[in-house]
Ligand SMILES: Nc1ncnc2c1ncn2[C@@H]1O[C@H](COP(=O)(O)OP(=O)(O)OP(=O)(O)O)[C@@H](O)[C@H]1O
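In the block that follows, a single chain appears as structure tokens, in the form predicted on its own.
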């Protein structure tokens, strides 16, 4: 099965080589866990390999996102100029109707794009606009099918549930092909919070189920070996 590198050696190792092409995967974690950084690292690495990407940001403005990624040495301006990277920030709230019609348009935007990679950062903001769980499930399923039909590989970031074992609404966990969990653990001596990653689900492939520590460096996210993990008592 063809894979796409995440740009993170340790995570690729856990995945057995990377994310399978045409999979739609959720990256779930609390605020500040590095979901957007991981997404952009995935994007930038694959832009360098000639892939095209559609990045839809429901939160951060694209200009701010571009400025922040330069801290890691990822200058995406040339890919935007060439058309290989399209960054969008939809207007989700309409003053008159309280919500815009972008929820209806999103699957069509994905299908019409020629992107190899589609990033939704984050799916939680779109779910927040839905009135019921039935609507949320329908919206996520439509988006999942749009990604699959387009032939792209999709990444959706999401806020973690209270227990940290999945997404806040729990819908994307079941609909999508894979879930990568980012968590925080207290160090043994209570001196710091440690970031750890675990692949809780990845359809059709063998993958690691171990918990590994990671850190955010000036070159992006680095995932350590399993022996680096320090659990709280």
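What you see is a predicted model; the values in this text were computed from it and never measured. Numbering follows the first chain given and starts at 1.
Just so it is clear, the following notes concern the form predicted in complex with this ligand, a form of the same protein that is not shown.
Site annotation in the model of the complex: the residue of 171, 202, 53, 33 reaching within 4.5 Å of this ligand with a heavy atom is 33. A single residue from the set 102, 72, 79, 144 has any heavy atom within 4.5 angstroms of this ligand in the model of the complex; that residue is 72. Comment: 64-72 is the region of 64-72, 45-53, 203-211, 172-180 lying near this ligand in the model of the complex, near meaning a non-hydrogen atom within 4.5 Å. The closest non-hydrogen atom of residue 37 lies within 4.5 Å of this ligand in the model of the complex. Contacts between 148-168 and this ligand, taken as any heavy atom within 4.5 Å in the model of the complex, involve no residue at all.
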